[in-house]
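This document opens with one chain alone, in structure tokens, the form predicted on its own.
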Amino acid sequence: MTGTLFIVATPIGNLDDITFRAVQVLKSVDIVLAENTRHSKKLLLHLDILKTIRAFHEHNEREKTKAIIGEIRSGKSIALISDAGTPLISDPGYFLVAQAKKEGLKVVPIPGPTALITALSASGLASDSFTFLGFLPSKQTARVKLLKSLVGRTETSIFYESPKRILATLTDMHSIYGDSREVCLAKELTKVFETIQTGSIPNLIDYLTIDQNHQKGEFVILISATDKIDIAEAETQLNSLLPILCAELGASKAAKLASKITGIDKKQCYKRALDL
């Protein structure tokens, strides 16, 4: 009889956020796979759990997976945990879970905290639709390229960022999004110095620079969606506006101005202008 691979979410700060079910599973399994064994031993000791803990992280995930799959096949049940939050969410575990699923093994999620959802719930930004993109690129060129690609998104965008780059990232965001876009910075979630700041990018830059301590801690960044437009209303507006603008400005300038007024893509406006 084969065992089970449990994907166990652990607290992101406050240890009291561990679920009853997570505790029960951690007590019942044969082995616990941990991203950082020293860190995870503290959690297990807090819970009065004595288990075999093995290191399982991004540097050894592929070489360890085959042996782990074999142990599950032999009947052992194994729990995968990360340093904090839900495994696989910007943490190791994807390769192991993918292989276990291919092998037809039972994979059971034990839900619990994750930083991105915790931050979103208290950010004040739209939560009906969002995109999570993990950690932003460390190099500025790649980071700026990614941020520019999200300018027109009509859902909240969520990232993780390190304290070393948080100020540089906000500065890049200001150059791309300007003053009006709402952004939330959340750090030290569920801990003593939990901070969730939502406001304009210039105000958040001021917050980061007024005190160096404000730049400490792992950050969740949430960017508000671009304003959605009423397509039908915008099309009606474009139909009446574009002929007038073209008569005065020519197709290219008319399309650019029409795009700013209606919110319709500039290329689409230009194509319509050429058809007049």
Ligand code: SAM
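The numbering used is simple: start at 1 and walk along the sequence shown. Being a predicted model, the structure only gives us computed values, none of them experimental.
Beyond what is shown, the protein has a form predicted together with this ligand; the following relates to that form.
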For this ligand in the model of the complex, the stretch among 112 to 120, 167 to 175, 141 to 149, 96 to 104 with residues bearing a heavy atom within 4.5 Å is 112 to 120
Q. Would this ligand be touched by all three of 84, 160 and 218 in the model of the complex, meaning a heavy atom each within 4.5 Å?
A. yes
| Heavy atoms within 4.5 Å of this ligand in the model of the complex: does residue 133 have any? | no
(request) Report whether the minimum heavy atom distance between residue 90 and this ligand in the model of the complex is within 4.5 Å. (result) yes
Checklist entry - Do residue 12 and this ligand come within 4.5 Å of each other in the model of the complex, heavy atoms counted? => result yes
| said: I'd like to know whether residue 72 contacts this ligand in the model of the complex, with contact meaning heavy atoms within 4.5 angstroms. | reply: no
Within 197 to 216, the residues having any heavy atom within 4.5 Å of this ligand in the model of the complex are none
